[in-house]
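Given as structure tokens, the chain that follows is alone and in the form predicted alone.
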Amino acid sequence: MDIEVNRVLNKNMLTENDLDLRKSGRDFEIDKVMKFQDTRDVIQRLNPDEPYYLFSAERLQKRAGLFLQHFPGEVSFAVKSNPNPMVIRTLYDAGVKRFDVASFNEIAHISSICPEAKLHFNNPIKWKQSIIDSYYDYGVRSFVVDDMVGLQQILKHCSEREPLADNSLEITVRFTLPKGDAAYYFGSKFGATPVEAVEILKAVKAAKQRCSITFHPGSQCTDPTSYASYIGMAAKIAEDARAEIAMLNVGGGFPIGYDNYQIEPLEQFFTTIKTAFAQTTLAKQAEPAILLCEPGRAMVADCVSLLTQVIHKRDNGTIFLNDGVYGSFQEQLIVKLDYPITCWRGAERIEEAVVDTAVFGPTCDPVDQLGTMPLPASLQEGDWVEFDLMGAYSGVTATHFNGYVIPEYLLLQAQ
């Protein structure tokens, strides 16, 4: 492929076949990826004039270990937050064998990298062909629903070729409660009311399929007791439906310590979940329900930083970077996240007092502004600004607006 053509493609997870994730993981080998020791090494060797994601496999392994060792149940990774093949392979090798997938393309993508992985199709909204193909072509047996229509779709499309055997499907009913302190409230789009969830669960039971329950307290949920409230309601729903529950999925939502967030250690969330679950009938069934969590942001945010460059500085101090809200910072349009920042001149950190600085992205659109950031007053064109905690949702929501590239991934790993 022509080098210049290749540069305008999102090579971190896409191919020349455009947006087809199903092809992106094939033949991926992490051992063949170019490796760097750290950010300084990247700057010295590449002198980059385009933004790059710097991925630390060691950080991700450590984070996966924290969940696997301390969460009181099974761990499933929410693929939507970061489907990069290096990320997926590192997680799988670290011991994460379950993946929360939201589309057929994600199912095929994960299967191409980790064929033995267990997949949970946890987007309540699915169209006919995605159900049929995931069930028959990829062996998916775990589906989430949040209304009767969705349940009937699953039962119908998974039995098109032959009748469903008893207990062949794990059908998880998603419910919601009123909004808490989370940054994103998923209940505005997903989740049955507790009363509705009881009726759906009864219908799953009547269909002789395995009954499970799930919820999501919302992204950046900073209050551990929110999980306890949901767990208590999940148990009540199961009791009212008189259903034996195979699995209780407590969702994701675990928070990351951005500079504008004060959060409890993850272990506090795990302890709260364990204690709340132990007090429910779900833990006292003849065969206790399996606990499952599906972290996305909390798993991958701190394994990736974004290295950007200053491309313009006005006389009034305003800074323009080579990445913005149409790229890696699109989430800033929805919720304020203050990323830890390190500034570089050459291969040396700029160590000086910071001032509030207006920062914009590179596009021609006035929406492309990152707000005010604490940056060194001496920052100039050609310097680099590195943002930490960029591993979740940055690459997957980036666009090619104005013809700008979506940053590639570089692997930070001692050689």
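Each residue number is its position in the shown sequence, starting from 1. Since the structure is predicted, the reported quantities are computational estimates derived from the model, not experimental observations.
The form predicted together with a small molecule is left out here; the points below concern that form.
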Stretch from 313 to 321, 240 to 248, 202 to 210, 294 to 302 whose residues place a heavy atom within 4.5 Å of the small molecule in the predicted complex: 294 to 302
Spell out, yes or no, whether the shortest heavy atom distance between residue 274 and the small molecule in the predicted complex is within 4.5 Å. no
Contact flag, residue 253 vs the small molecule in the predicted complex, heavy atom cut 4.5 Å: yes
Can you tell me if residue 141 lies within 4.5 angstroms of the small molecule in the predicted complex, counting non-hydrogen atoms only? no
Although the small molecule is absent from this view, report whether residue 186 comes within 4.5 Å of it in the predicted complex, heavy atoms only. yes
Using a 4.5 Å heavy atom cut-off, which residue among 84, 134, 328, 219 comes into contact with the small molecule in the predicted complex? 219
Answer key: of 308, 176, 122, 111, within 4.5 Å of the small molecule in the predicted complex (heavy atoms) is 122
